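Take a look at this single chain in structure tokens; it is the form predicted on its own.
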């Protein structure tokens, strides 16, 4: 799509512009074409137009001009289980604007619309796939705490009893779901979500995307791997793989990773380990390369409903604080101003600072969210940061 004179002379109001609103079924093909234009051919195959219907909350929000989407954002709702408490998060991805309509503020307006919409629908945290200025201007920041590692070879130490690693298939979805649900921090998923992932590619070799590890014929762990674009050579050698999600017995997982790297076609595997996962962290030793602590790669986050988040996490709070420490504890929000109060103590933050405090920032960046060394500060440090999580299948 190109206007007769490009963007030159177009009114900032774009006469006839529709939106922001949800994508309609008859606009699906044009939406896919816009995604291909913005991101390339790798965004996925065409879907049947007749089969599209916006979900109750998941949706694609758009601006439409001259009968076709010119800016769009995908919104996807999930629940996050944090040590038994559940809260509502919304993932945002597929943010794109047609080249002829860039620089007109459509992306900013659409993101603001989506933020207000997802808050109205109950979301407390916003997770965005991307780090560009559009998201930072909207108050989203890089957050969470991970140890980033380049796994290059087998580890020293005792090995476990025999186990098998095989490509996972759709028939393994239930077992993967059960292993994932036992993780202390996990997104709430149904078995069908695992089925969709496991059927997306028929594993046919040692570099299959999906793996299940068994001991005595019982599943004890799984891992989902992938080779990033541009990291496969014509001779079949994969310069780098990514471990996108894992669950289950850590010792078995790490030994299985060693087995993958015994394949000469895979040179290294990169993984991000949450700060709380000692079962993985304790095995980060040479010859593997420790890249140090950093945030969740290629994402930004924002807390959009602070009181609602802490209401959802009241069981988590009860597990971390005594009854005396919880007495009088309040979590307040007025626009982009946030506060934690208890008795006469009061700590105030802006939106970026509260997100960094609650979701975490890497070591060395603590000065971004100073917390006093008093009674209220002790309470805050007992609660935050929340355990970090990997989006995995829920990445958008």
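Residue numbers count along the first chain shown, from 1. What you see is a predicted model; the values in this text were computed from it and never measured.
There is also a form predicted in complex with a small molecule; it is not shown, and the following applies to it.
Colleague: Can you check 100 to 108, 209 to 217, 252 to 260, 273 to 281 and let me know which stretch has heavy atoms within 4.5 Å of the small molecule in the predicted complex?
Modeller: In short, 100 to 108.
Colleague: Is it the case that residue 95, even though its partner is missing from this view, gets within 4.5 Å of the small molecule in the predicted complex, heavy atoms only?
Modeller: Yes, residue 95 is a contact residue.
Colleague: Does residue 371 make contact with the small molecule in the predicted complex, using a 4.5 Å heavy atom cut-off?
Modeller: Heavy-atom contact with the small molecule at 4.5 Å: absent for residue 371.
Colleague: Does residue 135 reach the small molecule in the predicted complex, with heavy atoms at most 4.5 Å apart?
Modeller: Yes, contact at 4.5 Å.
Colleague: Using the partner position in the predicted complex, report whether residue 129 sits within 4.5 Å of the small molecule, counting heavy atoms only.
Modeller: Close contact exists here: in the predicted complex, residue 129 approaches the small molecule to within 4.5 Å, heavy atoms only.
Colleague: Which of these residues, 38, 28, 329, 352, gets a heavy atom within 4.5 Å of the small molecule in the predicted complex?
Modeller: None of the others qualify; the residue that does is 38.
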